[in-house]
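Below you will find one chain, with nothing else, as structure tokens; this is the form predicted on its own, and questions on how it binds or moves follow later.
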Amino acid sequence: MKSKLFTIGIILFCLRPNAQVSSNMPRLVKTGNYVQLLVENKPFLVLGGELGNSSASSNEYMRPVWPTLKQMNLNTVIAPVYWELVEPIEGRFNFSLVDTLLRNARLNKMKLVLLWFGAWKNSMSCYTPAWVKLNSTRFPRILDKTGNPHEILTPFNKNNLEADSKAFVKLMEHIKQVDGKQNTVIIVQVENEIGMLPDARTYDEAANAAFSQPVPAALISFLEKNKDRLLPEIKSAWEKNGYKTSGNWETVFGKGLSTDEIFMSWYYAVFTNELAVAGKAAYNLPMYVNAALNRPGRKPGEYPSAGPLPHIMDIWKAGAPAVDLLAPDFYNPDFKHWCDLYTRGGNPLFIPEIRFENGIDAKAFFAFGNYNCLAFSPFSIESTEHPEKEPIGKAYNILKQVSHLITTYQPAGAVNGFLLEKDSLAKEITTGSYRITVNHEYKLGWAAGAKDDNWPLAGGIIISVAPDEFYVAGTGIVITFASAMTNKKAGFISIDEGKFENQRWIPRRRMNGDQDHQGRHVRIPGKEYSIQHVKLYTY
């Protein structure tokens, strides 16, 4: 009995109301051309996992999940907060599920990213409370071209905005009250995968009126001010109509589905911005919005349109300046292509959701090494039956150890990432006095799986910490170093495999024999994960 009372006391202490806010609140800062997320005043990389949509709706369901998450070396859990459960009766709020998430995250020494499932979740308004769903007169839906309503709240109605905003503000006030000092929650997602279906825009009365009115002055001002920096998709649409600075949406952007989507994206962004402004006024945490990526060949309305997608990012930046990050949810092939699109215009890469599948371990190394990536998070992370065997957990173990090197050397351009598949050409970079070539390890020919038809994705990071000194981390890669100077060759002084403990390097194996093929390369075999400390010289 004594131990139970002690445990209860600990829990109550951890969650006792505390309106104080610590001076080391999570925040985004810019270092050179790089944005970093500071947590406890130190740069922080989110090695995360997003829970399945319904998992956080039950404390009973979540109880055995936490050990699974810990076994996969997560430092952050991304978890939904459901409007319908937070405010089941209008004006009456229940944050018990949030409090339990906070308690368990702290007990497991993890951080939280909270997803607000408010007005929209995957386009639909499925997580709105019953009192919203049952009163479509007060809380109207979108209408398609034929005038039929769908289970999607229209952003053109102040009642929808005010109800959503009130609940979101209550959530942020509660987080400040119970977590303002501990800073367990480090960032908040506003809504989830906003997108318009089954048409490119809604045809409700308020939307039709707005569509025929002049394009808002705030958007025109943004376009004019950023004319030379606009992304090509929006600049092209504006240019085709002569860079007009007045007129309705079709006058400025032309007729067609593209203009319908631009129009809709502006009003989604403005709605979301209102939530972010109100939420930050209550508790000023960083905030982001995420997008369900569109498929090639699909027209607006055939995919969830008007969300923070790459081709309309400029509209979102104009309409939602209080939103800090625009983020992709990855279920599409060509990982690099989409990462490149989302890092245009200085937008840091934040991946709150990616399909939990083979190859995400390599993609994690590549994302953190090649981009200004702040977060990586497989979806439904708790669904594995063997967390101790999951490749992403092994990758996170390595990334956790080298994260301080990534955040220290990345702003100086001294971090490079690689992603390789069977048909990939060698990747080459020049850094300082060395030319570095990276290949898939199976291309050596003697690896056990080299003759297989399908090769696992390989990924790695190279961090230059001094002119002749590097750390290499990853899986399935082989790296050669050559001198960039004429008539000089590069050689290895030493290659040590080891680990970091509390940011202190502990060498374990000297790899100067068969492991580096007698001084020919640095190698991390496929399906293995390691960190190697490389010292070079030229002769």
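One rule holds for the numbers: they count along the sequence shown, beginning at 1. A quick note: this is a predicted structure, and the numbers were derived from the prediction, not measured.
Absent from the display: the form predicted together with a small molecule. The rest refers to it.
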4.5 Å heavy atom contact, K121 to the small molecule in the predicted complex:
yes
Please determine whether W266 contacts the small molecule in the predicted complex, using a 4.5 Å cut-off between heavy atoms.
no
Contact flag, N290 vs the small molecule in the predicted complex, heavy atom cut 4.5 Å
yes
Even though the small molecule is not shown here, does D164 get within 4.5 Å of it in the predicted complex, heavy atoms only?
no
Among N53, N59, S494, T480, which has at least one heavy atom within 4.5 Å of the small molecule in the predicted complex?
N53
Can you pick out, from D324, E274, D329, D199, the residue that has a heavy atom within 4.5 Å of the small molecule in the predicted complex?
D329
Among 247 to 255, 152 to 160, 303 to 311, 191 to 199, mark the stretch whose residues have heavy atoms within 4.5 Å of the small molecule in the predicted complex.
191 to 199
